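Before any questions on how it binds or moves, here is one chain, the form predicted on its own, in structure tokens.
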Amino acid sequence: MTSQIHDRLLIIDFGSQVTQLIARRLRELNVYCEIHPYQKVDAVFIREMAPKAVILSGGPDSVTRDGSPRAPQELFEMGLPILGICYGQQVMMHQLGGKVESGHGTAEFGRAYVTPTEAKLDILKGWFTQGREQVWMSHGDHVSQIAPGFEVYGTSPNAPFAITADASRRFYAVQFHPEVHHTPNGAKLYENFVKLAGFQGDWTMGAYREEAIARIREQVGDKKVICGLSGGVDSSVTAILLHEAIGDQLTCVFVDHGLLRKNESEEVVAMFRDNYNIQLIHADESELFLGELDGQSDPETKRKIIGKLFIDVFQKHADTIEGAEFLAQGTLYPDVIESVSFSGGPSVTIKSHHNVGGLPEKMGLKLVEPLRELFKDEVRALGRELGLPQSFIGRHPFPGPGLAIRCPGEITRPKLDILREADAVYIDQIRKHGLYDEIWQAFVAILPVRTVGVMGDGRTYDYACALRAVTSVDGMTADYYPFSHEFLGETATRIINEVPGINRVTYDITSKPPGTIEWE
């Protein structure tokens, strides 16, 4: 938990896939909130956290099942404003004396429309201006009887209690999900809720910057810190925030594994050395990495080789920094949430991830994680606050293994050179058409096949490549970007004309799921 400086809102998580979206909506309103799984939350926890309001999330379970998740009963006696969403509504009704039933043909999944009753409610200010509101439903159970003290303020065809409230106790409950994009006016409902709860909207990046600097100085004292720098947004913001806090006590280690994009190594080193005067070890280890990857084609093997080498190289260079006691990492709030997940159960490993997670224990270092309370968009906002160039703040995510996972099959230097050039043309096209900021991530993958082509009067036998561009909120799910045929045709022509070694261009229109964003 963060310090008590800010007003706080507690989100009790019952396992919804979109709970993080609730937090994002609140953070956009400058409201500090934390997500905690219901198993961790009891009356003592709530009193110690001292939130000004509580939101009960959705979830996949049924309150009609014995042993299903509940909120602490004491919560309803604490005088706090409470908003229940979907399963959270059903929990409120069940625990406060109403009834919830399963089935009976009242399930709703997808778009629905809620119409108001004649009663007025403060949390609905700005709603129903057109007579009804589009919302997103996702429920199998339904409230069949509201709890004593509650009234109905909105109904839908399959949810007669779509919006209910006990206004005197500031208890509000909705059957739909106001946090998702498909409830267009949902943000207004959250805005009204936090206003009536008395939030001041004091969660700003300017304030966070000052508090984070103070915490870093208190934690580190006069000791030294090393920071693994990748050039991505998270590590860049971490490094610059640390440098502002502790100056020359920080040393960054930038490992160039030979799998970066065109000119990336030079750009990262120049930004940090020229603009911030940060002590930086530029470790060019491309020969080592590419040598170990030679002849390897299995994606998991490649990832594991890169991960192990990265730790070995980082260890080697970190050992040259005398007196270092801390390792800085760009851990974000979604990582923290997932580490104490709702289910706590096992999940399938889709692919291993490159990180330095094994380093602190191995090296005997203590962790500094100044971004662990932030979402990705907040990290970018903090980067702007710290004066990072927009070219770095707005960069698309780039994976730790770099171009290795955009080169299916064996990795060779010639293929990497072709890939760098094709990727540079593609990104240039996206920028020229003003599309870069609309896209979560875009890149080229070079395919492990060669195809016959014709250029001029001659036959070619060169590589095919795939263009990839996706839209996403957090990278957990994604959809392909709907480029125009004109854009795709123009881009394919440029790549084939300007990049020797490629004679065929395709566009990947797979969503996630079933695919992943990267190819390996």
Ligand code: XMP
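Each residue number is its position in the shown sequence, starting from 1. Owing to the predicted nature of the structure, the values given are computational and were not obtained by experimental measurement. Throughout, rigid core stands for the largest set of C-alpha atoms superposing within 1.5 Å between the two forms.
The form predicted together with this ligand exists for this protein as well; it is not shown, and the discussion that follows is about that form.
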query	finding
Contact segment among 8 to 16, 508 to 516, 493 to 501, 21 to 29, judged by heavy atoms lying within 4.5 Å of this ligand in the predicted bound form	508 to 516
Residue (of Gln315, Gln441, Ser144, Asn185) lying close to this ligand in the predicted bound form, criterion heavy atoms within 4.5 Å	Gln441
Proximity to this ligand in the predicted bound form, single hit among Lys415, Arg209, Arg303, Arg450 (heavy atom within 4.5 Å)	Arg303
Gly88 within 4.5 Å of this ligand in the predicted bound form, heavy atoms	no
Contact flag, Pro397 vs this ligand in the predicted bound form, heavy atom cut 4.5 Å	yes
Interface membership of Gly84, this ligand in the predicted bound form, 4.5 Å heavy atom rule	no
Contact of Ala159 with this ligand in the predicted bound form (heavy atom, 4.5 Å)	no
Flag for Ile405, CA shift 2 Å or larger between the shown form and the other one after aligning core	yes
Core-aligned CA displacement of Asp202 at least 2 Å between the shown form and the other one	no
Glu300: Cα shift of 2 Å or greater between the shown form and the other one (core-aligned)	yes
